[in-house]
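The chain below stands alone, shown as structure tokens; this is the form predicted alone.
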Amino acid sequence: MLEFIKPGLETSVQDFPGRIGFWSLGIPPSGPMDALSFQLTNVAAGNAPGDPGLEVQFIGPEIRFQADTVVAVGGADMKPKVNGQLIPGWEGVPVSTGDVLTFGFAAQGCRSYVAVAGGVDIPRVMGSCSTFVKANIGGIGGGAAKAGTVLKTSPSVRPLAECSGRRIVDAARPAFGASWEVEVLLGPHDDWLTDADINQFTSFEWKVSSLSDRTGYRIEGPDFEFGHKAHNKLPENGSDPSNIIDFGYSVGSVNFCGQTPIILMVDGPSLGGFVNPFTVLSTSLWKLGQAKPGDHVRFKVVTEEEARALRADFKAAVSEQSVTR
């Protein structure tokens, strides 16, 4: 069991791929913002990649272990310590009853992940343990951890001795910084922009706004012209060039709200009345999940074939082939 002495800024339970099958009802998948780090951390702890674990945002919690187990911490480096001693990231570390895990502040990236051998044991809501705070669904009573929260853990499928010392190879670990290159596909509404708009979007270095969260990431930069289709549309589409009759969104849609692009994240809306000229690849969304306000982002258009290759690489990374001892 895990006892929260301090909850951190926002520490929530997530699993992967999250709450699937309820998008038509307006309920998003939720799950980890950085699905790559989340799954790798689980693998390091000896779990299945999607098992329930903790997402830690900016400032980490203080957790006391109430039983002997193995813990792994990955994602943004928050200098995790057990009983005041630094522990390695991306590695299964044995802990004993009464040991205390603490964190510092995220210097690069903004989200760390904590996996305990066996995973967190909480009820599933609509098939998932993931937390959707804005609707009070899943997780710890629909929200984040609080001081005094106690979470059960499931039995490990591996002996703890086998989980201890499992380490993600250096080549599989994601790199963090203040500048990110994020892959996108064109569409579905790229024909609402001019060629100059598309070139501007992919050549400009956009700044991540402080008005960004698990719902959407706003980026700051120059204005767009919008194309013939946006300026010559039926009135029911709305008056602004970015307006359209309500349209179903996907996670990763680059939603143009007037002149402000907003990348819809894992807790984002399922539909709305704005065009989406670009879509961030599901295998690239983790980079935005680690981007802090003030970080810079460049977008790179890829082909569908390149997107499929990146997806294959992603699946291979979050597997046993990334583990050494």
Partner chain sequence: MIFEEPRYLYSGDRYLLLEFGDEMNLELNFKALGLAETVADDPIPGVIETVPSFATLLVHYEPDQTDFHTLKDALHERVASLGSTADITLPSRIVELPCCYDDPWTKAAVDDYRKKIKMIEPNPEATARLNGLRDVRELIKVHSTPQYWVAAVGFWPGLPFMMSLDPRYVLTVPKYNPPRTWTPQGTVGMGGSCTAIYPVNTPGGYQIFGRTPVPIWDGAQKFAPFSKSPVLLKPGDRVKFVPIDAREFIEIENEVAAGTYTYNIVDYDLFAVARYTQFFEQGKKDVGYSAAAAEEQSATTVA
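Everything numeric here is computed off the predicted structure, so don't read it as measured data. Residue numbers count along the first chain shown, from 1.
Keep in mind that the form predicted together with the partner chain is missing from the display, and what follows is about it.
Taken together, 26, 186 and 279 are fully in contact with the partner chain in the model of the complex: each brings a heavy atom within 4.5 Å. A single residue from the set 213, 191, 77, 99 has any heavy atom within 4.5 angstroms of the partner chain in the model of the complex; that residue is 191.
This chain appears without its partner; in the model of the complex, the one residue of 83, 203, 250, 179 with a heavy atom within 4.5 Å of the partner chain is 250. Listed stretches are 204-212, 101-109, 233-241, 157-165; the contact stretch with the partner chain in the model of the complex is 233-241, by a heavy atom cutoff of 4.5 Å. The partner chain in the model of the complex comes within 4.5 Å of a heavy atom belonging to residue 271.
Among residues of the shown chain, residue 304 is one whose heavy atoms approach the partner chain to within 4.5 Å in the model of the complex. For the chain shown alone, residue 246 is a contact residue for the partner chain in the model of the complex, at least one non-hydrogen atom being within 4.5 angstroms.
Mapping the unseen interface onto this chain, residue 90 falls outside it, with no heavy atom inside 4.5 Å of the partner chain in the model of the complex.
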